[in-house]
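There is one chain below, alone, in structure tokens, taken in the form predicted on its own.
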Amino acid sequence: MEYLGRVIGRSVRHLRFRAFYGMEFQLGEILVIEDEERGRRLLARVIDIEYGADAPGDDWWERTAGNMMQGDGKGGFEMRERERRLFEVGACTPLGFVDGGTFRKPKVLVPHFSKVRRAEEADFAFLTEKMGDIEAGLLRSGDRKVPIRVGISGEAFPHHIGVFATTGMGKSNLMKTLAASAMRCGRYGMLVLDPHGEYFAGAPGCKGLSHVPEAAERMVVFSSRSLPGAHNTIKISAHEIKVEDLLNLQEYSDAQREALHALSAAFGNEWMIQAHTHESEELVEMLHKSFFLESINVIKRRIKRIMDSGKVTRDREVSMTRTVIDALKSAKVVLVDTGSMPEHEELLVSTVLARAVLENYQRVYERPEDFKFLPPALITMEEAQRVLGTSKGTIFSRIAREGRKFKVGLCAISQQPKLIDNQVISQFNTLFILGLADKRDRDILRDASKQDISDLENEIQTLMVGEALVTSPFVPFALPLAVYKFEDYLDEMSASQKGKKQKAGPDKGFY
């Protein structure tokens, strides 16, 4: 056990300790303070590091630096008793006591001058039973990886997840890892909406979800472009597009909104087909001349754009939504690659699918015996700020407010949490916070977190690529995480699968 120093005070919520000269410890590192009087340990996180010295006078630092500068080039300046007089001071936030394998929040002080040491794997053993079955990476202490797996429970999917990071800090790597873990687990559904086309095959030099060993059995893929592997074509039926879907995508005047609802009331689920087929003048007559021709013309142009996209069919039997929902109910990962689609088409497909999933799960909710066995589903949305800028209107904000009851969760992925409505972001119980450069973004996540991370500003600012904090009411404190590199995780999955096949022996395939 590496002995670092001793506690020198402050309060039950903020501790300071003096470390030996030359003893290095890091911002964000989790240390152990020994309460030898009561036979327990206090875990504490380093939130700041300061210089310290046993020296007379407030100006000792300046005087000593000046003496050194004068001695430079003249044989140097030798400081006497350097190792006794110089030290570092660590400022810590107490996380909690570990007593007999039980963790509890700190409400009392440790004894004066208690020993401080570096944490070891055994000190975190209590965490293993709290980690969920969807793996994300390894516990991190400073930049040191601790061989304790960190994950979230798939049962927490309906409580919503936020993934926030500046570009290049590892959002895509994290999401691919979570999706691969969901395939490996095989107990939860995940709908991955990929507007950048980077999840299936991966970026150059990286692997994608198609390389996951379980992908052939546990993943269903839809794409708007040709992919180097098995996939289906994105196609939705005009019969399943509702007025609210269009209202989520574009601005309409009050008169145009009323006209859209009138078309829906007049033609039912064929309203888009009728609006596309008939001339504007005919539609004005069919709606009893209640609307101006100009309003109908605007609607016609926008509907024509949708119907001519090639992604919308008139055939009510040709649609991907039923396959998507069936796959989610079978606890599979559904990847919808819209990388080659314009944004308005991508958002339309995403909106229709998300609404269909929520409405289907709502119907199953009315049958308690069936609902009991329905696997939770998570809908992941890249660039989530595009559809979550308000707490009302979009299906995604509706899922954030209502989905928990129906086992439907939302995973919002964004570089700019400040653009997401505060009421919506407050619904995310689990946050993966990677490196964020903007202070406003960090402040918003600090206020939205279900755990107090107000002291972790410095740590968040110093997060490197692939490092994260996980905050959730389902873990005892904000966990520092070293996210698996996706390719390394695939190697582990492949090795594990080979091991299972070897163990199967002659009974392989019996069940």
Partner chain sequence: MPHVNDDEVRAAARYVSTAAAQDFDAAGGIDHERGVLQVRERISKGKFIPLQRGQARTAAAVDGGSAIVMDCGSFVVGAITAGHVTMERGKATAHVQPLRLLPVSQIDKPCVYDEIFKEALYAAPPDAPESLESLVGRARNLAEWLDAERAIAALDKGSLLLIDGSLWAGTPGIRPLVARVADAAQKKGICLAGVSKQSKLYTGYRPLVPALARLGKREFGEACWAYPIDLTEYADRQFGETFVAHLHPMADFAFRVDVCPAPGRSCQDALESLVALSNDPGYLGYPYPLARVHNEVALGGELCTELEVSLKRAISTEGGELGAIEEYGRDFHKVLDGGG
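Residue numbers count along the first chain shown, from 1. A quick note: this is a predicted structure, and the numbers were derived from the prediction, not measured.
Keep in mind that the form predicted in complex with the partner chain is not shown, yet the notes after this line are about it.
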In the predicted complex, the residue from Lys372, His112, Lys74, Lys289 that sits within 4.5 Å of the partner chain by heavy atoms: Lys74
Which of 35-43, 454-462, 63-71, 476-484 sits within 4.5 Å of the partner chain in the predicted complex, heavy atom basis: 63-71
4.5 Å heavy atom contact, Ala255 and the partner chain in the predicted complex: no
Distance check, Arg301 to the partner chain in the predicted complex, heavy atom within 4.5 Å: no
Partner contact for Glu317 in the predicted complex: the partner chain, 4.5 angstroms, heavy atom: no
Interface membership of Glu78, the partner chain in the predicted complex, 4.5 Å heavy atom rule: yes
Sequence-ordered residues of 273-293 touching the partner chain in the predicted complex, heavy atom within 4.5 Å: none
